[in-house]
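Shown below, as structure tokens, is a lone chain in the form predicted on its own; questions about how it binds or moves come after it.
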Amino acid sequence: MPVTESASETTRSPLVFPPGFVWGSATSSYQIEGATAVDGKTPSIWDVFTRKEGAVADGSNGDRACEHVERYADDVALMADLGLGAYRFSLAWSRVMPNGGSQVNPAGLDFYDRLIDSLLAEGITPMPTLYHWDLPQALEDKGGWVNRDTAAAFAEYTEAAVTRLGDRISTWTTLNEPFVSANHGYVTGEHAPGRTSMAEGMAASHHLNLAHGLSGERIRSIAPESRLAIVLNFTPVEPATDSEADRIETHHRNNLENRWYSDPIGGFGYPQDSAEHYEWDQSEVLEGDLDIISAPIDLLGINFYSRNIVSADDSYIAPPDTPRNTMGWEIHPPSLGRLLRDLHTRYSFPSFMITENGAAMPDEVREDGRIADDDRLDFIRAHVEQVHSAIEDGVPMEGYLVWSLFDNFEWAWGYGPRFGIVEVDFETQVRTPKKSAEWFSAVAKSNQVTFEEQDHG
């Protein structure tokens, strides 16, 4: 909508979203649950990885995290107060199947039973993700995602979870960000299990894709009324210059980081030239695998945080005034809008949802006892505006889930980065909604973004 340069935000018309548009938030099991050795749960790769010296920036772990297993009832009440319509969370595989195999742990599933029933009682749609990086250590000991058997074990785990919980779940998500699982866990070593092999990362990437396909078969069979989804992270890449070297490097990085999972799921197979570029012989791809992987899904979850500017020699230096969050990631909302349009153009997925979008910010300013995170508020609003613009252009967006509901354990960075719209005091476990939470609550309850008054007043 046109706005003159001199016009203030007070002159803008509201951004009204389609009826039924879903507003919610997201978390993951290891980052918030705590209770890592309760009711039969066994160690995941993250329980083991965090014990390695130097693996986590502040030497911390997820033993307590946000104590969500103990405090879930209060957390659900807080979500209801904020007016959230959906809550995306993940199941801890080793809580459900402690050895990763066929033995089901009823006590572990009891927790998710209680959580789901509490959400439904408050009118909040539960959106479970079956895998958010916390592989049972028992399976890692057998080769982890490099071992094809792990994909079959994931299908067994899916069956156990869906059989117990599926009568109340409308959408099942198989995997969260398999690129990160394979690349950060097996290539760079910065995430659990901490391996550093491109060949192992490539094998893991295929077995994760296969796990999604096999899991989808179980979901379709056991809960045919439920929708099938996967959540992928996308980091748009752009060349630093018009040089051939930069364009070639950008092409392969885009294939690896943005198409390695969506292309096979979308029916295109793996990007062949980039497979050759990364010296993957695809020996792990057996006959019939790509058919399993490309079975139709109902929803693509999109995680977006930033873009990357790529130079072949890594010489690109961003201008000093480039806006960034405390992770050092560039803040560039227009990249989200372009991404959504590109995905809609390239694939035939019937629906999209922003399943993670948010920012770690300094959280240093307080007003009236709360964090006055105007920077995070501005970040969320700018990206929500991009979603609205994409909807106007015909992209089938059905919801926006902010990352994250809580400050939490932020993987290899420990408890330093704060992504939450709700502050967590990790000593007392007191939750305090930040200014961004109050703003987001108003958006969720009204299904629109208004500009009737200055948000920073």
Ligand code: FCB
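Residue numbers run from 1 along the displayed sequence. Predicted model only: the values in this text are computed from it and were never measured.
The protein also exists as the form predicted together with ligand FCB; that form is not presented, and the subsequent description refers to it.
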property	result
The unique member of 150, 303, 335, 258 whose heavy atoms fall within 4.5 Å of ligand FCB in the predicted bound form	303
Interface residue in the predicted bound form among 205, 176, 171, 254, criterion: non-hydrogen atom within 4.5 angstroms of ligand FCB	176
Contact of residue 133 with ligand FCB in the predicted bound form (heavy atom, 4.5 Å)	yes
Contact of residue 289 with ligand FCB in the predicted bound form (heavy atom, 4.5 Å)	no
Residue 363 within 4.5 Å of ligand FCB in the predicted bound form, heavy atoms	no
Contact label in the predicted bound form: residue 406 to ligand FCB, heavy atom within 4.5 Å	no
Ligand FCB in the predicted bound form: contacting segment from 388 to 396, 409 to 417, 422 to 430, 35 to 43, heavy atom within 4.5 Å	409 to 417
Residues of 189 to 222 having any heavy atom within 4.5 Å of ligand FCB in the predicted bound form, listed in sequence order	none
